[in-house]
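Single chain ahead, written as structure tokens, the form predicted on its own.
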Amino acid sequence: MTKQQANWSPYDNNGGSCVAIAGADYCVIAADTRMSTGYNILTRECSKITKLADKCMMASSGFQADVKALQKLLAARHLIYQHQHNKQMSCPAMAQLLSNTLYYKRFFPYYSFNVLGGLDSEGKGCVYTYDAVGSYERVGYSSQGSGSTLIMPFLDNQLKSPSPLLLPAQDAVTPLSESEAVDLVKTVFASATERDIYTGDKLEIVVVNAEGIRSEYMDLRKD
């Protein structure tokens, strides 16, 4: 008789998809609200988007316990920064802080796949995309999570980001207007929900621009 042993892992993947698109003077961050484990839906109302600063939002998929721990740590670090500097962190500074925080835990990583979006010091939209151990890049658009393999080719086809190898360096912002970017996000999620069982229920869209932050929701299929 073969010996059987319990196989326990400290990690789980709760699924879900995140997208961010940077424009000339706005940034759109979107994620679905489904949280699953295996073939079970744990909740249909789990927001994956958190506000890190006035002009900076983060969307995270992966293991939601690690995501919550990461959000709490970033909030604490941002509070310390505000007390020391009497101002809020800029989006590029927050992007570097997130990279450092993830890299510090590289031997027992936060199982969290993040996109960070907002406005930089010039008021331009910026999106940063990450792996689980803090390697990051500023891009014009990005997707993370269980549906990213379906969403990213769609965005590549529609937005055609310039190669980072081109000289002189091209701006990474997308040519779309704000309303066009929101419509594109709705389209990619409606498409990904058809094929990915971990993406669905409801879409949360957050738009960051000079006026501030606004949210809107759209229902996705619930099966």
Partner chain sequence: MMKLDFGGLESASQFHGVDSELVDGLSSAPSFEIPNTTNFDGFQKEAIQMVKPAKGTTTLAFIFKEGVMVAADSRASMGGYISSQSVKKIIEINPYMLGTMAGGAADCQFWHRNLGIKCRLHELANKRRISVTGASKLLANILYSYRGMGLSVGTMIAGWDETGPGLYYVDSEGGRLKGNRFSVGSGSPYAYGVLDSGYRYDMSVEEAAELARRAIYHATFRDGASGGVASVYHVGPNGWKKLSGDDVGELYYKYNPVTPSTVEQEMAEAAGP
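Residue numbers count along the first chain shown, from 1. Given the structure is predicted, the values throughout are model-derived calculations rather than measurements.
The form predicted together with the partner chain exists for this protein as well; it is not shown, and the discussion that follows is about that form.
Chemist: Taking any heavy atom pair closer than or equal to 4.5 Å as contact, tell me whether His85 reaches the partner chain in the predicted bound form.
Modeler: Because no heavy atom of His85 falls inside 4.5 Å of the partner chain in the predicted bound form, the answer is no.
Chemist: Can you tell me if Ser163 lies within 4.5 angstroms of the partner chain in the predicted bound form, counting non-hydrogen atoms only?
Modeler: Ser163 belongs to the contact set for the partner chain.
Chemist: Phe113 near the partner chain in the predicted bound form, any heavy atom under 4.5 Å?
Modeler: The answer is yes: Phe113 has a heavy atom within 4.5 Å of the partner chain.
Chemist: Is Leu119 part of the interface with the partner chain in the predicted bound form - any heavy atom within 4.5 Å?
Modeler: Looking in the predicted bound form, residue contacts with the partner chain do not include Leu119, since no heavy atom lies within 4.5 Å.
Chemist: When the partner chain is placed as it is in the predicted bound form, which of 191 to 199, 178 to 186, 165 to 173, 28 to 36 ends up with heavy atoms within 4.5 Å of it?
Modeler: Among the listed stretches, the partner-contacting one is 165 to 173.
Chemist: Can you list, in sequence order, the residues from 140 to 155 that come within 4.5 Å of the partner chain in the predicted bound form, counting heavy atoms only?
Modeler: The stretch touches the partner through Ser148, Thr149, Met152.
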